[in-house]
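Presented below, as structure tokens, is a lone chain in the form predicted alone.
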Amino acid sequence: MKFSRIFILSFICSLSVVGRSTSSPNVRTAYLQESGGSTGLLQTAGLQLRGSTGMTVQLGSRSEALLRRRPTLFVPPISEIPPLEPSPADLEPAPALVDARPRFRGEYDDEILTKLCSLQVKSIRPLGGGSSIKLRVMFTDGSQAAVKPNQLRITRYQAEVAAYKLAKALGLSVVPPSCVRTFTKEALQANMPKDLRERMDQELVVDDKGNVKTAVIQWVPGLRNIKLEQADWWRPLLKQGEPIPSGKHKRIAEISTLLLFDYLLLNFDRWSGGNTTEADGEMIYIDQGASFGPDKKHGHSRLMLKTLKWSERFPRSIAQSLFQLDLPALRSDFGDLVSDDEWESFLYRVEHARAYIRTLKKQYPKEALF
């Protein structure tokens, strides 16, 4: 009983505060007084408490809210209640739109491709190293690009561009954007050393109009060879149960992703030497010209699966991208860069890569993806 009285008194006091007018501060609109009798009544603007006595509420003007013998609780008319003012619209700015366009090293891919495929060429020079013919072009705006022409040996310009398109479909931003561009044979040979001109005469694939198709590839400043094929520290870290030392998680993720990427491409040339590179501490996947090609009865794909199985753990993001890969859209994007036979071989590898990752997830549910 004592607790009930305390609760009721607290409630009455709160009503006395709420009942203050915001429109006429000179008029007292909340009343709290004690009765003069011996009954010990507590009255507050129409609320009467006497043991189990009920309460009455009177609506009306202030003149009717004066204390009477029967106490009443005054509630101001609706006209005197100030309207609710909504918060200004500018207090919560509209959410920013996320630009989901793919980027390579901070620059939008579509802007890079516009430059690669349309800027006027200022000069073409040899790009030494490797067993294939590679050139370096400088555009009139001072930017540069690597050029791989259509040739008979080792590298295929189509594979370089198809590798970029596959990387983009997988959400990877570590393959330099590239596109197909046609140059005359004379333009490619101009100002070249004699021995290189002679080699180009023998190895370039020239159409009946004297043109050569090429892959024009975004130049990556500061690119350096990290020679992973000469190191062995990373191989054990790709296996299940092997703890990855602090500071090595990113590089292991890059290597395992590269193994999956090369398997999908059917790229045999990655570990032949000089084809693992980085810039600013991030691996950049280059030299995919040996990818795709003939795969009779999927024999090459089965051999490449052994290289894929070097890794028993993969980043969760690349695994999800593999399973969500939009194959019809990718086929359309490839166009004539890959033949129908090459596409069928690619589908075979997609199926088996997915099956391999499913097996890892079943065997090592907590460690297969990281």
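Residue numbers run from 1 along the displayed sequence. Quantities reported herein were computed from a predicted structural model and do not represent experimental measurements.
There is also a form predicted in complex with a small molecule; it is not shown, and the following applies to it.
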Considering non-hydrogen atoms and a 4.5 Å limit, which listed residue (286, 252, 204, 192) is close to the small molecule in the model of the complex?
286
Contact with the small molecule in the model of the complex, heavy atom within 4.5 Å, among 236, 129, 247, 142 goes to 129
Does any part of residue 218 reach within 4.5 Å of the small molecule in the model of the complex? Heavy atoms only, please.
yes
Determine whether any heavy atom of residue 226 comes within 4.5 Å of a heavy atom of the small molecule in the model of the complex, and answer yes or no.
no
Please check if residue 146 has a heavy atom lying within 4.5 Å of any heavy atom of the small molecule in the model of the complex.
yes
Residue contact check: residue 274 to the small molecule in the model of the complex, 4.5 Å heavy atom
yes
One stretch from 146-154, 228-236, 165-173, 291-299 that, in the model of the complex, holds residues within 4.5 Å of the small molecule by heavy atom:
146-154
